[in-house]
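Just the one chain here, the form predicted alone, laid out as structure tokens.
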């Protein structure tokens, strides 16, 4: 089946029928104008059509049916090969969002991505596309890979025809193929060298948001840039957090960058970066970044209410609050969190956080609940066993990551007891602390060494950093406690009061006086 055609037998039967060859006038107008704007490199108009017109038409005319097939619209765009690949990419994205794709369609979508990325990598692409579209390409590519792995892992109710198709198309959505495309886009675009030159003031990539104002194309460069975020996401789905963070190293996430020019990219980057750091016990780094992005969403979410991504923004916002709750329960450094974020956190998870500090069965159930709600949908990349009996294994990767996470939580249990005592004393003898904890001195030394190990982690450049708000050293069997103090910041308080005052004034302006 050609990508863009709809498979009636396997697909959902539509009310009133669906004719893939019928192109309504608004769709003709849409593809003709989009094609013209792409040829003219009119990024502003392309963005308007992609972000607004496409979604408006989808809501109005294709709520529960696919768009017209690519074969039907090709005649209106001079049968342009690259435009048809771009149209198919949107066609499949709409299909995944509104309907359930069949196995044939999943395979066809993979073939379309292969063709599209091959053109970008090896052809001459003289286009400027909006960052939003280029981000969506990478984002959807990874999402469809994740979706295919989940689908393939549910073997129990597969038909003989589906199993035969899976065997026949074993290269479709292969993990090496997915990683190779993202890696190839990153390397061919020379984006790492471009970002290095930018640090020396020899490039203007971030200043121009990745766009090329000299008549060239931004497609390969920006796809290469977003592929680094795509690689982070894929490695997180596979449970390889170290490699994921390594892929993101060329992007300085402490600064504004092209990744912040698209809200979806910004949130996806920080969500996966924070989650990877959480799993690697770099709690302070995760808290810092979750705090920044949650504050940003809090201040700007009203501007995205009409955006197609709005629901996803809210969902990721809630998931990151859950992850921040986990981080602060394992590494109680509330002083790193902005007051606005902290008050939202207390409202959502205040009661659960206090229960999570107890480290009993109930607290482990809460860690399990929050992790399960907020973690990525982990995948098993290997092909399934096609031998009888067929079993579902789509939950195996998630169960393994949950098991590793809860094992880490259990190891933290005794450390919370140590921390409680260290908070009370500035100096205490080993013997005295051992008697309080009802262990011998030798066991206490082991516990203290474990505390040191668990509150320190190795970062990307090989340095060891501390996640502890309380540290200590031992001199002649005497424990000396060192507590870090953060200077108070009053600016945020005044800013919050100003925002509240503006909201009150806005409410008063809306009140009609009789």
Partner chain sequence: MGREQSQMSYTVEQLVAVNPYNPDILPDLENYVNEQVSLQTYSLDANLCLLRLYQFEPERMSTQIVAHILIKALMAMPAPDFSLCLFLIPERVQMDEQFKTLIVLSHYLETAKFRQFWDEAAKNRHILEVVPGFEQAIQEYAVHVLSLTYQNVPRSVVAEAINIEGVSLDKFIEQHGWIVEGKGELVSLPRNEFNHPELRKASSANSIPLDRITRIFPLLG
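Note that the rigid core is defined as the largest set of C-alphas that superpose within 1.5 Å between two forms. Numbering follows the first chain given and starts at 1. Here the structure is a predicted model, which is why all the values come from computation and not from measurement.
Another form, the form predicted in complex with the partner chain, is not on view; read the next lines as being about it.
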Indicate whether the partner chain has at least one heavy atom within 4.5 Å of a heavy atom of residue 30 in the predicted complex. no
Give a yes or no for residue 491: in the predicted complex, does one of its heavy atoms lie within 4.5 Å of a heavy atom belonging to the partner chain? yes
Proximity of residue 449 to the partner chain in the predicted complex, heavy atoms at 4.5 Å: yes
Quick check on residue 94: any heavy atom within 4.5 Å of the partner chain in the predicted complex? no
So which of 85, 127, 433, 175 reaches within 4.5 angstroms of the partner chain in the predicted complex, heavy atom to heavy atom? 175
Of the options 155, 251, 295, 280, which one has a non-hydrogen atom that comes within 4.5 Å of the partner chain in the predicted complex? 280
Exactly one stretch in 471-479, 63-71, 31-39, 44-52 has heavy atoms within 4.5 Å of the partner chain in the predicted complex; which is it? 471-479
Within 4.5 Å of the partner chain in the predicted complex, which residues of 233-252 have a heavy atom? Give them in sequence order, or say none. 235, 238, 239, 240, 241, 242, 243, 246, 247
Core-superposed C-alpha of residue 187 shifting 2 Å or more between this form and the one not shown: no
Could you tell me whether the Cα atom of residue 445 shifts by at least 2 Å between this form and the one not shown after core superposition? yes
CA of residue 35, rigid core aligned, shift of 2 Å or more between this form and the one not shown: no
